[in-house]
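Only one chain is shown below, in structure tokens, and it's the form predicted alone.
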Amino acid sequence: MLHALLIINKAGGLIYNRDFTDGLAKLTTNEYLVMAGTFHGVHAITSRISPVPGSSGMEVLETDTFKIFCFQTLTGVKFLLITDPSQPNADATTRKVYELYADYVMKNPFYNPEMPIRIELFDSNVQKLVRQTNATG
């Protein structure tokens, strides 16, 4: 089950967030902003302290009740997907969200990079992907 999606710009600012289920405690907008900034900082630190040269940082944060998958693009944008611990193929789903982002956000001539994403076509396609994933997973 996919619970939420967050997109963080390269500076650590939250540019998109959506909850998809009632499985998570509801957070305020300010709490989401703090979460995005905190994750951005932890991600940067983990990429530096990793014993593996060239590590891109934390990719999965796992607890007994949820997982957070992170996909970072070459431009530094991070896609965070919050799922059940048993959710299969969450990394592939995160990459599909990235494809939607590339198609509907970055190709939109009216979108200003680094600003909040308010594009209905992107939002509706993300919702469709989540419904399909939650129905099959």
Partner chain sequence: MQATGATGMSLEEEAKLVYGVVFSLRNLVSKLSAKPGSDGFISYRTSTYKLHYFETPTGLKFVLNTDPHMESMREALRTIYGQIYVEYVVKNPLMRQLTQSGVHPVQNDLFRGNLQRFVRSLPGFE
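Positions refer to the first chain, counted from 1. Predicted, not measured: the structure shown is a model, and the values here were computed from it.
Same protein, other form: the form predicted in complex with its partner chain, not shown, and the subject of what follows.
Proximity of Val105, Pro113 and Ala135 to its partner chain in the model of the complex is absent: no residue of the three has a non-hydrogen atom within 4.5 angstroms. The shortest heavy atom separation between Phe66 and its partner chain in the model of the complex is within 4.5 Å.
Contact annotation for Glu59: at least one heavy atom lies within 4.5 Å of its partner chain in the model of the complex. A residue is said to contact a partner when one of its heavy atoms sits within 4.5 Å of a partner heavy atom; Val97 fails this definition for its partner chain in the model of the complex, lying far away.
Tyr101 falls outside the set of residues with a heavy atom inside 4.5 Å of its partner chain in the model of the complex. Residue-level contacts in the model of the complex: of Thr38, Thr75, Ser86, Thr29, one residue has a heavy atom within 4.5 Å of its partner chain, and it is Thr38. Residues of 41-55 lying near its partner chain in the model of the complex, listed in sequence order, are Val42, Ile45, Thr46, Arg48, Ile49, Ser50, Pro51, Val52, Pro53, Gly54, Ser55, the criterion being any heavy atom within 4.5 Å.
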